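Take a look at this one chain, the form predicted alone, written out in structure tokens.
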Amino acid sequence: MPAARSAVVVGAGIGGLAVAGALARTGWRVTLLERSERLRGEPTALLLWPGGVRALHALGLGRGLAAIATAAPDRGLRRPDGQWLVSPRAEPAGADREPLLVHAEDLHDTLFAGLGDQLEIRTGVTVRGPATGDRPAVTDGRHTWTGDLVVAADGLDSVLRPRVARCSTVVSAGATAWRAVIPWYRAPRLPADLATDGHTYRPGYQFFSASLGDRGSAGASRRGGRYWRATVTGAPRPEPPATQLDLLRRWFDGWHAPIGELLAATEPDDLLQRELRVVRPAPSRYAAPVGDGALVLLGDAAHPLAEHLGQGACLALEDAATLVAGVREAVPGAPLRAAVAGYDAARRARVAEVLRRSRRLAATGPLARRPPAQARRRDRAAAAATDWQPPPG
């Protein structure tokens, strides 16, 4: 067993929670720093592609997944008038090929439970950047936290990214997404023969909806309901949520059922708005050596994606599984630096493949103009999201 090693994880999102708990379970002394006053997930849902599911199992966190996740198979592709551009598959692709839908708060609870009691959690800490010295360290301007490894899981606006990728900056992707989960007690009752799930496209607009569990029971999710996501070309709206919701109802007026019904059942407090942004140029590396240790980028701090496949959370989980497998037995010095270099190479190759496959599938692309070609691209991008396997370890 390696001598005691220490890690500082900055950010308690999905990737930060996953890597902090896994490092602690493999013998690292971990300090988790979070800007918010308490740890909590977002009141929305997200897709977990098979790569992300495998990462959770590799991290020892997959046991309870069946209790909180709902299968989200391919439901085809439609125009706003309901005409099928690509019909749903007659046969499911299989459990190892289809994504799962999970409430983000349920996943957060699972990851939080996996933290255990072998790490220190500090909330209300706003990290300002890396600290100077011959060991990896971060500071909030008053206090400094030092470790053999610093993991920057602090999101798209990472304050630690410049230490690794100085030339990369955050820019708008030219679109904004809105998401909501309508709880079952408010969700509209829809005809049994109505195709309720799936994607609908028009140039500049996208709408996706899916069910979280089943009405009238706990279903597969402890927080069930109907989830929807709308993506529209343009900047985020400065108006209050009630006005934003009125705009969405106007923009999607006349689209096929149940889109109007879902928007009508949504309340302003359900709504989450997020501008889609990316990092340009993409970081040329995801890790930098510091003395005998390293500073590592993970999740959106390394590779934020604006594409519609919902790969952000999955790639963060893959990052965590890859990093933990690499540093499990590594001690500070050459072994740790070599392990981190391996993580850097593996993750840059993986993300480049996902980007190559999915860049042309940006949510605001003109899918309806060439649906067969775009459907083939979508299938190839989905394959890239599916085929990842965790490293041995």
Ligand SMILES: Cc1cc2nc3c(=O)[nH]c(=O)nc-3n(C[C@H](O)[C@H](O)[C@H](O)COP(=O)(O)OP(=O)(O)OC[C@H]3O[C@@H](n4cnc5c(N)ncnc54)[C@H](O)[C@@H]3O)c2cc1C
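Since we're looking at a predicted model, the values are computed, not measured. Numbering starts at 1 and runs along the sequence shown.
As for the form predicted together with the ligand, it is not shown, yet the points below apply to it.
Student: Which residue, G114, G312, P258, G224, is the contact with the ligand in the predicted complex, using a 4.5 Å heavy atom cutoff?
Tutor: Flagged contact: G312.
Student: Please identify the residue among S87, T126, T132, Q118 with any heavy atom within 4.5 Å of the ligand in the predicted complex.
Tutor: The residue in contact is T126.
Student: Looking in the predicted complex, is the ligand within 4.5 Å of a heavy atom from each of A12, V159 and A177?
Tutor: Contact check passed for all of A12, V159 and A177.
Student: Report whether the minimum heavy atom distance between G155 and the ligand in the predicted complex is within 4.5 Å.
Tutor: Heavy-atom contact with the ligand at 4.5 Å: present for G155.
Student: Does the ligand get within 4.5 angstroms of any non-hydrogen atom of G21 in the predicted complex?
Tutor: No, no contact at 4.5 Å.
Student: Report whether the minimum heavy atom distance between D344 and the ligand in the predicted complex is within 4.5 Å.
Tutor: No, no contact at 4.5 Å.
Student: Is G299 close enough to touch the ligand in the predicted complex, meaning at least one heavy atom pair within 4.5 Å?
Tutor: Flag for G299 set to yes.
Student: Given that the partner is absent here, state which listed stretch (324-332, 23-31, 41-49, 58-66) has heavy atoms within 4.5 Å of the ligand in the predicted complex.
Tutor: Contact criterion met by 41-49 only.
Student: Give, in sequence order, every residue of 228-263 that has a heavy atom within 4.5 Å of the ligand in the predicted complex, or say none if there are no such residues.
Tutor: Just R229.
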